[in-house]
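Just the one chain here, laid out as structure tokens, in the form predicted on its own.
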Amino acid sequence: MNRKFDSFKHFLVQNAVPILFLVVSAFAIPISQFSGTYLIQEMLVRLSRNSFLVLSLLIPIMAGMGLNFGMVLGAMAGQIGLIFISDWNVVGVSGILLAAIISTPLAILLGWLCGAILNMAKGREMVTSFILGFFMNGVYQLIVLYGFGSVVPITNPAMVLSRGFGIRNVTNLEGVRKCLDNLIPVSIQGIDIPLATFLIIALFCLFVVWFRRTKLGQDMRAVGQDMKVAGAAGIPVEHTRLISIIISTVLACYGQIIFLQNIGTLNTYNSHEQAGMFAIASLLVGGASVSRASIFNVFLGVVLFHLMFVVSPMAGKYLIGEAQLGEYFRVFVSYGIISLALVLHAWRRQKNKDRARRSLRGIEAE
């Protein structure tokens, strides 16, 4: 009986965050008064919009580098590619492909820079990548605000500030808006399904499964488990960590392009900040931790996190008459869940150590 209770308690500890969000969503959905069709449509849209970005976080976690807050560097690269294709008026899927081609070398360069810095900050990768994101955000804004239109020619006057250089706060992406989502139109009982985008995400999932079985993937897993043992086994630890960050940054670049083609508007100076924070929060809501994450965690997290985002304003309105409270709650959760997940990760590690210690003493069998 004690063994069953302890197993149940262990399950609750390991899945505390998704269980919490399930309870909150179950409470808020009936209060919000949204129909089932509306919620299904919203979740499909948000899955197609956000899943690629969240999936890009898996590889650095596999390599033991934790949550890659530096993914915003890839998002910046993707946005620069979108600015160029908007200026050149390249529309449709060809515009998306051209944006990806333009931004890939920049994403590789930024990923290499991020990986090299994180190799000098072993054990403190998350806080280092977080601060690096702030630093590179300043560089990005300097280039876009002063470089574009002066050093880098911009031919479309509608994109440039009235002073003659610098990109406006909002860049219209009407030429590529939903071009992937509507490439293979599918509608079932009034629910539109962005099939082409889901096919791309499915291919990415297959890539992740395949990559884990490759020599490089196995090396990353070994490095993630113990860098000293991996180094003693002849694995180039720093090189492997560097490649994981480069791959993650390039994939985040593509994810941001997919995200923004769905939105249809680029908030030039801070779209990348929101994408990075929400992607990390979504992954943690799905039950992932700093050291363990799976494809299932990605999709569960996107659904739970964005379901709460959809229902909380209306739930707040009908519950206390203030929809604005739901908006404050959404902002609070997006930051709070990251703090909560990190605290729970430290707690789980301690609990697992205690559990392993008792197992060695013969008190508990695994």
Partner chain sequence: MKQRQILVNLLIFVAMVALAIFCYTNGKANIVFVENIPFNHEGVTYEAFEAIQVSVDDTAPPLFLLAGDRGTVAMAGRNHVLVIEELDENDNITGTHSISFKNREMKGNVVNVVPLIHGKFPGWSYQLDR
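Keep in mind it's a predicted model, so treat the numbers as computed, not measured. Positions refer to the first chain, counted from 1.
Only in words, not in the display: the form predicted in complex with its partner chain, which the text now covers.
Please run the contact check for residue 230 against its partner chain in the model of the complex: heavy atoms, 4.5 angstroms, yes or no? Taking the distances in the model of the complex, the answer for residue 230 is no, it never comes within 4.5 Å of its partner chain.
Find out whether any non-hydrogen atom of residue 88 is located within 4.5 angstroms of its partner chain in the model of the complex, and reply yes or no. Looking in the model of the complex, residue contacts with its partner chain include residue 88, since a heavy atom lies within 4.5 Å.
Within 4.5 Å, heavy atoms only: does residue 182 come near its partner chain in the model of the complex? Close contact is absent here: in the model of the complex, residue 182 is far from its partner chain, nothing within 4.5 Å, heavy atoms only.
Is there a non-hydrogen atom of residue 97 within 4.5 angstroms of a non-hydrogen atom of its partner chain in the model of the complex? Result yes; residue 97 sits at the interface with its partner chain in the model of the complex.
Counting any non-hydrogen atom inside 4.5 Å, which residue from 186, 101, 109, 202 sits next to its partner chain in the model of the complex? Checking each option against its partner chain in the model of the complex, the one that comes within 4.5 Å is 101.
Out of the stretches listed (292-300, 235-243, 89-97, 75-83), which one is close to its partner chain in the model of the complex, meaning heavy atoms within 4.5 Å? After filtering at 4.5 Å, what remains is 89-97.
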